[in-house]
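A lone chain, given as structure tokens: the form predicted alone.
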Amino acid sequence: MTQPRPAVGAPTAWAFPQPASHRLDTGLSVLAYDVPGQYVASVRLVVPFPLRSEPAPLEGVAALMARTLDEGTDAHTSSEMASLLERSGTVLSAATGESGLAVDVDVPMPKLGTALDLLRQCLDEPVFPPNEVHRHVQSRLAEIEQDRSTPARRAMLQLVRTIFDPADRASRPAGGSPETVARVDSAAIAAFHGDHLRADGATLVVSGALPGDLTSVVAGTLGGWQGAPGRVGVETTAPVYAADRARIVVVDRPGSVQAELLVAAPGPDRRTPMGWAAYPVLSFLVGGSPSARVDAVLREEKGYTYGIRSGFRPRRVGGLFVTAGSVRADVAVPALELLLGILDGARDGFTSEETRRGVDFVAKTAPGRYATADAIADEAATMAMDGLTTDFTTELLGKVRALTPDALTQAYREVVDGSWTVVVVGDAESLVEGLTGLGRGDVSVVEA
């Protein structure tokens, strides 16, 4: 006897897991996400501070501070600290961005207390040995040279230099320039650490199959970290965009067989009055997948590229809308013309079918995107660095499900007005005449 197939209904609305939260006496906020079956703890610590607070002659000092936090403490040399981390199965890394310091720790759950105490020592008792600082300075200088030789990275360096006002910190690399990095020494890092790293205002996220005594474990380890008196600062100033940003800059790479295209405009942050919900959907529809508008033409129809991607990149205040990818050098000018036409043409609106596709991708894939302790911790840390909680994520998904074609179109038009900052990394001799003929603003050439 054949049984009838059960009816398949629409999935129920999904909400981001709720954490157990508390605040230590030091002012450190703790968010605990219990994820059964995930026996590697994902720990994230965020300490907000504005990158513009770096001394101008020492830009890059924040990044070097992050890289040298685990290079020795009052109790352990650099080698001893490396051995302790290895023996406990702890992976620790730290980095800085425009909003502050982010530390990632992954460790087997039975060693969580050990890892948190090692993290406390790195935060509270770092010694920044001069020899290790020198090694990291040299490594950063080598990275800068490598960035200049990689088309995608070179394009992004030129973008921020072009789209932001030259006086604004956002116009310069977050990791510093060769001139400023070369000036950083152990004393400069120690001074920056003492001024900016403190528990009050920072957030610790712990995700995984958590022990029942997590509160006491955290209090007995990171509870001993306070840092300098006062509360950590946050970025409250919007970046200043350059008055002449609507132009084309060619970064000359003679003989290059590919051209890197980068097209950008100022974008919103998560607090935009228009609401952030539309922008993840717009990213997907315009250039977020092989089926998006950009690749449907430039990859599938024309065969100019292996893939070009678009996305809205929020900062704590303000942001960017960026489209980037590489094409064959011989089709760089027509590819850019088509790309700009697609981006401008999206102002005409989005269909009901497109809207349904974009909404389904963002809203219905959320349970899978946030299925692991690692992904949960990353999202919670991202929200904390932005001064938000994961309630924002849940509310966002609800707003995404309610989006209409008109709402998407209005949100896109709020950002896109046809004024683009364009960077092309390629052979200038073969590009400049064609790019000038596009009539998309002044065309200038810089050396790679």
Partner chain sequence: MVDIAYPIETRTLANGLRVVVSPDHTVPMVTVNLWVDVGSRHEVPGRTGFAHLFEHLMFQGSRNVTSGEHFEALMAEGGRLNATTWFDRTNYFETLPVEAFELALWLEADRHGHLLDAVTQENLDNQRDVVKEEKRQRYDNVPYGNALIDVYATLFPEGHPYHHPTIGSMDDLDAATLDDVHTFFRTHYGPNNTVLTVVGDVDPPRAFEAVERYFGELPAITLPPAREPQVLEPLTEPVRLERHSDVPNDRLYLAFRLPVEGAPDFDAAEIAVDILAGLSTSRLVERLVRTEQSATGVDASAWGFVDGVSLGLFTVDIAADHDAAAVEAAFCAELDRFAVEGPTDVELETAKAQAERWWLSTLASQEQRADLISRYTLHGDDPAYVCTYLAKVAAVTGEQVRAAAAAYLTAQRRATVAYLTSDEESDV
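Numbering follows the first chain given and starts at 1. Heads up, when I say rigid core I mean the largest set of C-alphas that superpose within 1.5 Å between the two forms. Worth saying up front: this structure is predicted, and the values here are computed from it rather than measured.
Another form exists, predicted together with the partner chain; not displayed. Remarks below refer to it.
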TODO: Kindly confirm or deny that 87, 107 and 326 each have some heavy atom within 4.5 angstroms of the partner chain in the predicted bound form.
DONE: yes
TODO: Heavy atom within 4.5 Å of the partner chain in the predicted bound form: which of 186, 215, 114, 372 fits that? Just give me the one.
DONE: 372
TODO: Would you kindly say which of 209, 240, 82, 182 lies with a heavy atom within 4.5 Å of the partner chain in the predicted bound form?
DONE: 82
- [ ] Look at the stretches 377-385, 415-423, 396-404, 39-47 and give the one with heavy atoms within 4.5 Å of the partner chain in the predicted bound form.
- [x] 39-47
Open item on the list: My question is simply whether residue 267 lines the interface with the partner chain in the predicted bound form - judged by any non-hydrogen atom within 4.5 Å.
Closed with: no
Task: residue 135: touches the partner chain in the predicted bound form, heavy atom cutoff 4.5 angstroms - done: yes
Open item on the list: Considering non-hydrogen atoms and a 4.5 Å limit, does the partner chain approach residue 439 in the predicted bound form?
Closed with: no
Open item on the list: Just checking whether residue 315 would be counted as a contact of the partner chain in the predicted bound form - the rule being heavy atoms within 4.5 angstroms.
Closed with: no
- [ ] Can you tell me which bits of 8-25 touch the partner chain in the predicted bound form, meaning any heavy atom within 4.5 Å?
- [x] 8, 9, 10, 11, 12, 14
- [ ] Return yes or no for residue 13: a CA shift of at least 2 Å between this form and the one not shown, with the rigid core superposed?
- [x] yes
Task: Distance direction in the predicted bound form for the C-alpha atoms of residue 13 and residue 274, relative to the displayed form (3 angstroms or more) - done: farther
